[in-house]
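In the form predicted on its own, a lone chain appears below as structure tokens.
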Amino acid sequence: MTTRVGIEAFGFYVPHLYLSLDTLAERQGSDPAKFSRGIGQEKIALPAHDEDVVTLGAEAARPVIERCGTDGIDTLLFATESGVDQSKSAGIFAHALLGLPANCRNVELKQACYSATAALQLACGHVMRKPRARVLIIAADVARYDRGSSGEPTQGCGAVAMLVSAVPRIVEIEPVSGCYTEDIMDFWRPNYRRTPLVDGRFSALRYLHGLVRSWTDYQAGGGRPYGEFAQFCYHLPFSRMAEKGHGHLARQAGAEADMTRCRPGMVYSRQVGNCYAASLYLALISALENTRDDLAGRPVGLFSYGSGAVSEFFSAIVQPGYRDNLPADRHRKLLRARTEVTYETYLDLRDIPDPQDGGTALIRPAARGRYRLEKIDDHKRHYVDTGR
């Protein structure tokens, strides 16, 4: 008997601060419609100085752990390109904050925005081999670009947590997938830089190329035809990219591009911005929580892209009762309860603590969540659980 495997529980988290893109447009002397309509973005989620991928990821995972417990979790996969250490996995910090079992493998994965999909496929393979096991995936990133660059309005941050098991209460991951890899320089960040380098136009073209190549490979492997999918979810460097990708894919499939089959997945991204590895899975949560039609029993297509470049197209079947297992009210409340910052505060938040001399940086409490970065001392990061 074949083991069914997929996502048992979901959660996402964004910090409580954001910059309106109207504010950024005013400072840049641009028409706000350039952002709201041109790239489909409204807000940039911003971490406070005591927040990073570890705290964001732990916040996303905490409700999942509270609901489902820790029994059977023998693996934590942390997907990010905003790691806090070149050697130690961010997942080990999160493991301690979340109180996960000691008998648990733990690794960080990196390949631009694709790594959470690699984590998901690895998790599915592990559960197929060991059906009583559960795997916690945390995808968390902070997207920062140089001031005045074309990427600045696409900044953002956030985290998604997924519990993968043989009890897929939300979606079952289907075994067929299509992959494509090519060696290009469309977006990259050398170790000596805080912000990435990006060729935006080239990257958008290679995104579309990767979509076609991975879709073609998916079809060659026996994948579903285009017309069967109830929704499509895409990696979202900015929301309009999903519409471009969806139109491109429809033409490849010889079909009409029905944008109602991709726009529900864009709802949350417009309010958050790019969260790199978490982006596709934020889109999936958004589609499940914002599609009015009942998706139970219906397939959803997912396209993952990570610059450099790796892409994958795969599919999932939405499960009966999925809405009862999604904390939609919590997610919407989280987005509504945020605070808009001034442009000056935005600039201050870019100046992150960085004691490269090994000195002590005590970080003022600002995070509204349960977890925060308390200090950096002797090159060591110290996280605390505030108990909130």
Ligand code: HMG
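From a predicted model like this one, the values you see are computed outputs, not experimental measurements. Note that residue numbering follows the sequence shown and begins at 1.
The discussion below concerns the form predicted together with the ligand, not included here.
Selected contact from Phe232, Tyr268, Phe93, Phe187, since only one has a non-hydrogen atom within 4.5 angstroms of the ligand in the model of the complex = Here the answer is residue option Phe187.
request  = State the residue from Tyr226, Tyr180, Trp215, Tyr145 whose non-hydrogen atoms include one within 4.5 Å of the ligand in the model of the complex.
outcome  = Of the candidates Tyr226, Tyr180, Trp215, Tyr145, Tyr145 is the one lying within 4.5 Å of the ligand in the model of the complex.
ask   = Among 170-178, 311-319, 124-132, 233-241, which stretch sits within 4.5 Å of the ligand in the model of the complex, heavy atoms only?
value = Selected stretch: 233-241.
key: Partner contact for Ser203 in the model of the complex: the ligand, 4.5 angstroms, heavy atom   = Taking the distances in the model of the complex, the answer for Ser203 is yes, it comes within 4.5 Å of the ligand.
key: Contact test in the model of the complex: Tyr276 vs the ligand, heavy atoms, 4.5 Å   = Yes, Tyr276 is a contact residue.
request  = Give a yes/no on whether Ser150 approaches the ligand to within 4.5 Å in the model of the complex, heavy atoms considered.
outcome  = Flag for Ser150 set to yes.
ask   = For Arg37, is any heavy atom within 4.5 Å of the ligand in the model of the complex, or not?
value = Flag for Arg37 set to yes.
query = Even though the ligand is not shown here, does it sit in the model of the complex so that Ala33, Thr154 and Val198 each have a heavy atom within 4.5 Å?
reply = Yes, because Ala33, Thr154 and Val198 each have a heavy atom that approaches the ligand to within 4.5 Å in the model of the complex.
key: Residues from 111-138 in contact with the ligand (non-hydrogen atom within 4.5 Å) in the model of the complex   = The stretch touches the partner through Ala112, Cys113.
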